[in-house]
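Presented as structure tokens, the chain that follows is alone, the form predicted alone.
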Amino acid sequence: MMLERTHVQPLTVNSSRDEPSTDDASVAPKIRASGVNVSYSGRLAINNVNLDIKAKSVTALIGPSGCGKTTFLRCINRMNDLIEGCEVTGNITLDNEDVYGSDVDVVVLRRRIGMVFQKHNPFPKSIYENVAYGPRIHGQATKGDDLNQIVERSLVRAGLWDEVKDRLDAPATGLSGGQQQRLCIARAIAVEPDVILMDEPCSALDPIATARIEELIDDLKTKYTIVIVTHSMQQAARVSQRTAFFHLGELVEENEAKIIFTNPSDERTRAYVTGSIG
């Protein structure tokens, strides 16, 4: 199918990516977590997490393996609902609306809060159908020019259009790993979410593909609120405006990325970012 175009180095913080306006105390957070606890079959995984996430910015969650950062990420769009024995308490709001409210339609919630997983997971369909799937099932567009425009726009935003525009009918599984991950991002943004959650999106990619994804994240933050879990402190320093450090199921501290990586307030954070623990 063809659519016609209708229209480990030293740890440094990329200060050019800072967004001062997102730190304005007068601006309400896009997401607010208050007193969040998560347990699996009675075993506490995260304890009393309080975190505000700014709109149209990148917040990175860092910390040692098993510290609770992915568990917290999955609370935001209720992915933990799918895990037997998982219990979430506390409060999480999106635009001041309770994510866990009894009247919340989880399907609609997950359209508003998209997710990109650690392992790229395109559907066993064509490139076109991967991107068109979400808009179809959510009734945004079902066929014709409207759907074509959504597919094209999403692939352009994901930085993939020029590489695939002449082979949209080709299997998505034939793309490289980095291209598949960008396709998954295109699939997530095709339904016009408010928030994009990313769980270690570059862990399986080579340095060149990783750089492409990081450039894409930097572009996408002008339109979307992005929360990324990453095991790479260098990546967190490069892409995020704010960084939250988790340790042993607790949120130790959260601040501007440049402060977390150069002058953290907690000794545990300092030990982690300097490599003493973790």
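One rule holds for the numbers: they count along the sequence shown, beginning at 1. Small disclaimer: the values here were computed from a predicted structure and weren't measured.
Below, we refer to the form predicted in complex with a small molecule, which is not included among the displayed structures.
The small molecule is not drawn, but in the model of the complex it has no heavy atom within 4.5 Å of residue 223. Looking at residue 231, you'd find a heavy atom of it within 4.5 angstroms of the small molecule in the model of the complex. Among heavy atoms of residue 69, some come within 4.5 Å of the small molecule in the model of the complex. Contact between residue 45 and the small molecule in the model of the complex is found at the 4.5 Å heavy atom cutoff. With the partner omitted here, the residue from 106, 156, 83, 204 that has a non-hydrogen atom within 4.5 angstroms of the small molecule in the model of the complex is 83.
The chain is drawn here without the small molecule; in the model of the complex, the stretch among 57 to 65, 209 to 217, 29 to 37, 232 to 240 whose residues come within 4.5 Å of it by any heavy atom is 57 to 65.
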